[in-house]
Ligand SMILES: C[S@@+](CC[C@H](N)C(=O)[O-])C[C@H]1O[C@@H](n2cnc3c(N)ncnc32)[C@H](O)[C@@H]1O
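In structure tokens, one chain follows: the form predicted on its own.
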Amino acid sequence: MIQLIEPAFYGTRMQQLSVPMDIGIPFPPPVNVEFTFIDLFAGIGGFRIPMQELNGKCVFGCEFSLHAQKAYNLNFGESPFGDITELDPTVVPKHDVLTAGFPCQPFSISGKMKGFEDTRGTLIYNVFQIIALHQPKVVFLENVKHLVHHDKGNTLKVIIKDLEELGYVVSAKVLNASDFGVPQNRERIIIIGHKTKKFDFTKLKTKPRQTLKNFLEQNANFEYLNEPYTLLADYKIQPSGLIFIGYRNKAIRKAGVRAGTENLSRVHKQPNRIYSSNGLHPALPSQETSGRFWIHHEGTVRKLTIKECYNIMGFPNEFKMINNTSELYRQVGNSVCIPMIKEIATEIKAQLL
């Protein structure tokens, strides 16, 4: 049985925790360090894994969720600081790159879209305080695509303007994880700032679109759909790569619904939809903690397993999962897509460091 030491923070760095030799740390710091970085809103380490693979050393981490802290501890042997609003920026070590997948709920169409009116929306300003004090060479931010449109684009303009006032040349672009080797239609805005150079997104190397069926487990404790459902005889591959192939025969919308669409639903009520494993999977959400979408694969309809969810986010096989199933769904839905982050980080290293 694995025993976890509760997260703790002492002094100016993440607390180093002793891990039994028979357990080991899947992702130790690199031996040949080429740059340093800090991992804000670290989650379970989606930024840290690819940054370490590129010989980056993490010198500080911050993550509010206790469950995510435990997973981070298990995989990296360190426990991040907790609430960024209680963090004194002066204890953060100097670093070359600041990474932050800052909270997306205030800007997501799955949330209430209150933006800076929501207290979570102001957490970006805690990041700006650290930037102002330490002036890292590179700022690497990630958020949901809807940030582009929030408040008619004004929210993004404010973020970019604030970074420019802090002395950075800023580039921003919406990227899709499906262009980087995983079968998931997951669009995210990437914001990169550098002191003198503009990051060139055109140099990112994309990969051919993958299909979901190649990332599925062959033998597992599958949860099959044991209730009536309808498969569509006439379906097509959507431009996104999704194949909407059917739905559960359960009406979940009543008022204001066109005839024949009772089984379909809006963004935050999509457990009725069934997607083909011959296409992509929709973006894994953090709000649905029982597994969100059903897939049609080899003549059956079932949910993705937890392992499959981590597969389509690009987590390595050696990544250690901890906590209950609902929490694991939440953690992976909150994470970043590792192959996409690695390709961006590779170009940051080549272009800006």
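Throughout, we count residues from 1 along the sequence that is shown. Every value quoted in this text rests on a predicted model; they were computed, and no experiment measured them.
Omitted here: the form predicted in complex with the named molecule. The next part is about that form.
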| property | result |
| --- | --- |
| In the predicted complex, the residue from 170, 245, 123, 131 that sits within 4.5 Å of the named molecule by heavy atoms | 123 |
| Position in contact with the named molecule when the complex is considered in the predicted complex, options 51, 312, 42, 304, heavy atoms within 4.5 Å | 42 |
| Per-stretch contact check against the named molecule in the predicted complex, the hit in 175 to 183, 228 to 236, 212 to 220, 82 to 90 (non-hydrogen atom, 4.5 angstroms) | 82 to 90 |
| Within 4.5 Å of the named molecule in the predicted complex, all of 199, 206 and 346 (non-hydrogen atom) | no |
| Residue contact check: residue 293 to the named molecule in the predicted complex, 4.5 Å heavy atom | no |
| Contact test in the predicted complex: residue 64 vs the named molecule, heavy atoms, 4.5 Å | yes |
| Any non-hydrogen atom of residue 282 within 4.5 angstroms of the named molecule in the predicted complex | no |
| Contact label in the predicted complex: residue 340 to the named molecule, heavy atom within 4.5 Å | no |
